[in-house]
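What follows is a single chain, given as structure tokens, in the form predicted on its own.
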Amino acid sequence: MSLNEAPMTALTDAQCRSLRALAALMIPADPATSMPAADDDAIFADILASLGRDASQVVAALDALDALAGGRFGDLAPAAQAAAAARLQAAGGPMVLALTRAVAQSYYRDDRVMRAIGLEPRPPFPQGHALEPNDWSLLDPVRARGPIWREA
């Protein structure tokens, strides 16, 4: 899928270049473990197709990234991209959370990634996944907080 074939997103070609460069910084390839980078063609196409409710926040994050970089992020040298990405990460906020979610959810949906981390590339149900026993006392602080909702 080329950048021009992404009609389901609200991103321009320049924003797509920036998002692709940022995705590669967020999750780089690891040939030793056969892990692709998040800018892999198939994974990036899924990112663009899956933005949905996060599209406006991702656009805001990309605009903030351009401002932090002092120019179009996707057109900068790798060292300048890494520095601007670090400043955006340090700033945090809802737009960074949406950006991270958009990249990570598509990355971990990829069959190659699932195999590389030792999982079958399939939905969790109806077969389910076996979980190792855990220390349930880790939830004690959450239980102690009490309900965080208002009774209807």
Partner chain sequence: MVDTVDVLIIGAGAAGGAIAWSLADTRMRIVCLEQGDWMKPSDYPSNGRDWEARQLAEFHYNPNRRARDTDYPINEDDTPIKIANFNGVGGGTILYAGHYPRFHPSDFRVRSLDGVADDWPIDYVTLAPFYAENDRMTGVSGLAGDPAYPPKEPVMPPLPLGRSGTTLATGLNRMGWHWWPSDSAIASTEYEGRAGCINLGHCTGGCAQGAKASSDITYWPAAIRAGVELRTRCRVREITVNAEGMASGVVYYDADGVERFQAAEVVILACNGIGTPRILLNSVSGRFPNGLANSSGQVGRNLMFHPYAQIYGYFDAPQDGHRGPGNCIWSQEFYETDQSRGFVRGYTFEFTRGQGPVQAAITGMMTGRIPWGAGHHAAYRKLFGHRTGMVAICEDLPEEHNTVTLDPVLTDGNGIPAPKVTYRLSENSRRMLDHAVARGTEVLRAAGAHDVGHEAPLAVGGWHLMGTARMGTDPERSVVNEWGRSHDVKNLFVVDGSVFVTSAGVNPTCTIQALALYVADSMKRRLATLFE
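Not measured: the values here are computed from a predicted model. Positions refer to the first chain, counted from 1.
If you look for the form predicted together with its partner chain, you will not find it shown, but the lines that follow are about it.
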*With a 4.5 Å heavy atom cut-off, would you call Pro28 a contact of its partner chain in the model of the complex?*
yes
_Although the partner isn't part of this model, could you tell me whether Gly70 comes within 4.5 Å of its partner chain in the model of the complex, counting any heavy atom of the residue?_
no
*Give a yes/no on whether Ala14 approaches its partner chain to within 4.5 Å in the model of the complex, heavy atoms considered.*
no
*At the 4.5 Å heavy atom threshold, is Ala10 in contact with its partner chain in the model of the complex?*
no
*Out of Ala49, Ile117, Ala83, Ala42, which one falls within 4.5 Å of its partner chain in the model of the complex, going by heavy atoms?*
Ile117
*May I ask you to list the residues of 109-123 that have any heavy atom within 4.5 angstroms of its partner chain in the model of the complex, in sequence order?*
Arg109, Asp110, Asp111, Met114, Ala116, Ile117, Leu119, Pro121, Arg122, Pro123
